[in-house]
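Given next, in structure tokens, is a single chain: the form predicted alone.
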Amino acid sequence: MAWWTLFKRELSSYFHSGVAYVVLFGSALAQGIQFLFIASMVMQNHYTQSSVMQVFFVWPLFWLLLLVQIPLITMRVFSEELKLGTIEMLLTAPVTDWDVVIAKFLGALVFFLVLWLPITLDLVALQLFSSPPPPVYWSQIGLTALTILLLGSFYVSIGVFTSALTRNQIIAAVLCFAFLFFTFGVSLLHFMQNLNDSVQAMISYVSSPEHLSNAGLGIFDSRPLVYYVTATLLMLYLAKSVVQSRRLKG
């Protein structure tokens, strides 16, 4: 259970960092403003085909916030240890490389999920203060939450990998953002004309906005599950390989 001890240490380190609280406050504020704007727009225009939640998770600000959050959360995961020299003590402790990588990954992932808890308060407020309250579709809520968990796992694993590459947190953040932007940018190719069916199917397979859109409609698709789990494991394996190479060099 060495990874559990490391995980608790990693998670607690977020709540002892001033930057973490700035990110948490900024995220909650941005989510609240976006939710209020979308709720007002949906109710004023009497949308019947889309709910507030469906619009929220395909809105550009949601993706911008997500692409900014992940680098800020993960840039310090390994880079800070490398800069301070504490990585040597960690790698010489009686723990495996997987223990270290999994603990840091889970610590960052849990904090990422904490950043999105305020949206549940917005949904509760919408139910309490709307007249009449909008219907609640638990299948849509459950699938959306699952998709965000899978998507967040993949994006956080990218950040863990890029942080393991360098001791400079800014470089780690920039690398992470570049990877994320490329990954997200592939989904935008869907709007290009004259793409054959096989290319369109491939883009659809990796398109995060499409995955969240389908989840918001209550459509279960096993392909995103396979894609995100596989991609996350791949990135964690790459991070573990980098950590292992540092252990061998040390």
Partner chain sequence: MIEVDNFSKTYAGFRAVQGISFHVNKGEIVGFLGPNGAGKSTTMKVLAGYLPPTDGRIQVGGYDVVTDSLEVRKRIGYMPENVPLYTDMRVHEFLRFRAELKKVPRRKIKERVAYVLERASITDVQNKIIGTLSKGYRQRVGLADAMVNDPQLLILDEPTIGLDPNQIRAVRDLIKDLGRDHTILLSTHILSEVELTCNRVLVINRGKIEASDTPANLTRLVRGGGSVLIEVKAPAADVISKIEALPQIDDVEVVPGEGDWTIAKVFGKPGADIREDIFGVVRQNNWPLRELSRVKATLEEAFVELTQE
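Positions refer to the first chain, counted from 1. None of these values were measured; they are calculated from a predicted model.
Form predicted together with its partner chain: not shown, discussed below.
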| Is there a non-hydrogen atom of A164 within 4.5 angstroms of a non-hydrogen atom of its partner chain in the predicted complex? | no
| said: Please tell me whether any heavy atom belonging to G142 falls inside 4.5 Å of a heavy atom of its partner chain, as the geometry stands in the predicted complex. | reply: no
| Is the gap between T92 and its partner chain in the predicted complex 4.5 Å or less for some heavy atom pair? | yes
| Looking at the partner-bound form in the predicted complex, is L84 within 4.5 Å of its partner chain by any heavy atom? | yes
| said: The chain here is shown without its partner chain. Which stretch in 168 to 176, 150 to 158, 95 to 103, 67 to 75 comes within 4.5 angstroms of it in the predicted complex, by heavy atom distance? | reply: 95 to 103
| Residues of stretch 5 to 33 in contact with its partner chain in the predicted complex (4.5 Å, non-hydrogen atom) | T5, L6, K8, R9, S13, H16
